[in-house]
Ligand code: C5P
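Let's start with one chain on its own, the form predicted on its own, as structure tokens.
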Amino acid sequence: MELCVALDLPSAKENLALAESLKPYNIWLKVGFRSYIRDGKEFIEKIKEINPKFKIFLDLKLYDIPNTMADASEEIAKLGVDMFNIHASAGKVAMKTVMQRLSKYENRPLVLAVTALTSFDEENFSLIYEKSIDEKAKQFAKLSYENGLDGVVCSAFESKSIKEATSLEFLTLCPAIRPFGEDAGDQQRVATLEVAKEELVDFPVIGRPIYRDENPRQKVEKILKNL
């Protein structure tokens, strides 16, 4: 299990200050939609300057026609990030096209597929996908596995069943982790570190419980001791 800290603060200055405070740790850092649109590739470069051993997960959730997704994936690969994601509901043609395009890169980033956003509850998810979260997440995971992706983004509660349906080596990255039972905020399917361990999560993504803490570095140390 490898910790991924979400850089979801309101400004680049605040996010870089958080990264600087975590400089001693060779951890993953998540750069999300807002941060990347606002701060661009220069932001990624500045993170790497703080600690070249930081690994970066670019969380843009690509969703478009297959060729456009593949074009974007190539540009992401050129940024030097270590992992990014696409939407599983883009379908198998998009998945195959993305992976084929990235195959020419010797050190390509890991590619994960988003199954069900953790902000969904069962009622609102079924209105769109007409299946339960667990059933559809597993279906999306199988599709992703069969088409060469490295893993999926899912809630901690689906992680173990997804691995059982695919492979123990198939990666699961799980947002909405509240390590020690902190407030859920706008998330619906939140889990503690204990649940994440039981569910064989590979990458617990933790944001607010760290950056809203009075001492983020101390909180990270506590989390790392409990992984």
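The structure displayed is predicted, hence computed values, not measured ones. So that there is no doubt, residue numbering starts at 1 and follows the sequence shown.
FYI, the form predicted in complex with the ligand isn't displayed, but the following is about it.
Since exactly one of Leu102, Ala72, Leu117, Ala90 fits, which has a heavy atom within 4.5 Å of the ligand in the predicted complex?
Going through each option in turn, the one that passes is Leu117.
One stretch from 194-202, 159-167, 35-43, 57-65 that, in the predicted complex, holds residues within 4.5 Å of the ligand by heavy atom
One stretch meets the cut-off, namely 57-65.
Leu3 within 4.5 Å of the ligand in the predicted complex, heavy atoms:
Residue-level check for Leu3: no, no contact with the ligand.
Residue-level question: is Val153 within 4.5 Å of the ligand in the predicted complex, judged on heavy atoms?
Answer yes; at least one heavy atom of Val153 falls within 4.5 Å of the ligand in the predicted complex.
Quick one: is Lys48 in contact with the ligand in the predicted complex, heavy atoms, 4.5 Å cut-off?
Residue-level check for Lys48: no, no contact with the ligand.
Wondering, does Arg208 line up within 4.5 Å of the ligand in the predicted complex on heavy atoms?
Arg208: yes, in contact with the ligand in the predicted complex.
Quick one: which residues from 1-33 get a non-hydrogen atom within 4.5 Å of the ligand in the predicted complex?
Stretch hits, in order: Ala6, Asp8, Lys30.
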